[in-house]
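Have a look below at one chain only, the form predicted alone, in structure tokens format.
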């Protein structure tokens, strides 16, 4: 597993977990506190005794004080379902390290954390459709399968998050947390695809990855720019005013995306792919309360 993430980093991840803003109601035992009552050691409340109840749960101290038969109830522990959506379109194959390489590592880290805490993990790779998926991994022993799947992915093709995530192939029907890793640079926008995922009872985390050269290009002069996905070319004269307009357009695009996320109760993360993956996890995700 060390070919994808450093062993010392994996040991640090084992002490972390992905945070959900709501308690889970999954069907399998996990390490998450659920709203349902169950058999964990965490006390929830008292309730009156009814014939047939487990006598071992009676609180005899309460009976001595109140003369009433009361049962202790405890919170159940259930799994959380983490779904990782990985943009594999060609625009992600840019930068050094590439956005795609860092997105794969981040997906590996989040998936590994979740499997260590007995959360269920599903991964979907997409371009303008879902191109590969690894659903319903569960348990620490599935880490190798997760890493093997991620390591086999390659960027290619034209991206459309709206077409890809609005298909039934991108939805598994279980409530949980969905993390979408992408640059979100799609010709037809992103709102419809993301909204469709959220509507399937998902807490959505949008992780936007843009390289330093995309944020602050240093190009100058008369150039022919080639779209990495469509191969369409465009002649352009890059001057300081043009670059200033570009930077403002990018800032407006990111502000619009943040506002979209805020309106819909999603989380927006601006992740710098030039940073080491450890820094993205511990200095970006952790301070935002997304892992702890």
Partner chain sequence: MQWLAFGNLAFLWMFPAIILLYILKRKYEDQAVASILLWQRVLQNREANRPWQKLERYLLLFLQLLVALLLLLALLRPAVPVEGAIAAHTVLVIDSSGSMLAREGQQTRLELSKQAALKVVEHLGSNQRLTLVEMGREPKVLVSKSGDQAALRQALNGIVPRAGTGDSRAALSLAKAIAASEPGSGIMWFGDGDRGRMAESDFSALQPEAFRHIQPGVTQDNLAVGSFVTQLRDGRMEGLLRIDNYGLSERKGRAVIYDREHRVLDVGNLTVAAKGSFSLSFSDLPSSPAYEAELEIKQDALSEDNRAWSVPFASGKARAVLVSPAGNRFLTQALLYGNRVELETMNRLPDRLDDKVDLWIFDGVVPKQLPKGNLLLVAPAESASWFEAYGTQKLTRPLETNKPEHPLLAYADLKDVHVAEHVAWKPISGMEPLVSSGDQAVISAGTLQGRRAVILGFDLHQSDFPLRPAFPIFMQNSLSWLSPAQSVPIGTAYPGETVVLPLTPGAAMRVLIQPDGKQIQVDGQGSVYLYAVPEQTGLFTLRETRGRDELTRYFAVQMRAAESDIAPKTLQVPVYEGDEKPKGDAGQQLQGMQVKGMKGLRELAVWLVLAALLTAFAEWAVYRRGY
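Residue numbers count along the first chain shown, from 1. Fair warning: this is a prediction, and the values are worked out from it, not measured in the lab.
Although it is not shown, the form predicted together with its partner chain is what the next lines describe.
A single residue from the set 91, 131, 160, 122 has any heavy atom within 4.5 angstroms of its partner chain in the model of the complex; that residue is 91. Shown without its partner, this chain lists 249, 255, 48, 61 as candidates; in the model of the complex, only 249 has a non-hydrogen atom within 4.5 angstroms of its partner chain. Comment: 209-217 is the region of 209-217, 164-172, 195-203, 109-117 lying near its partner chain in the model of the complex, near meaning a non-hydrogen atom within 4.5 Å.
For residue 186, a non-hydrogen atom is located within 4.5 Å of its partner chain in the model of the complex, even though that partner is not displayed. At the 4.5 Å threshold, heavy atoms of residue 152 stay clear of its partner chain in the model of the complex, well away from it. Interface membership of residue 234, defined by any non-hydrogen atom within 4.5 Å of its partner chain in the model of the complex, is confirmed.
With a 4.5 Å cutoff on heavy atoms, residue 262 does not count as touching its partner chain in the model of the complex; it lies far away. In sequence order, 237, 238, 239, 240, 241, 242, 243, 245, 246, 249, 250, 253 are the residues of 237-260 having a heavy atom within 4.5 Å of its partner chain in the model of the complex; the partner itself is omitted from this view.
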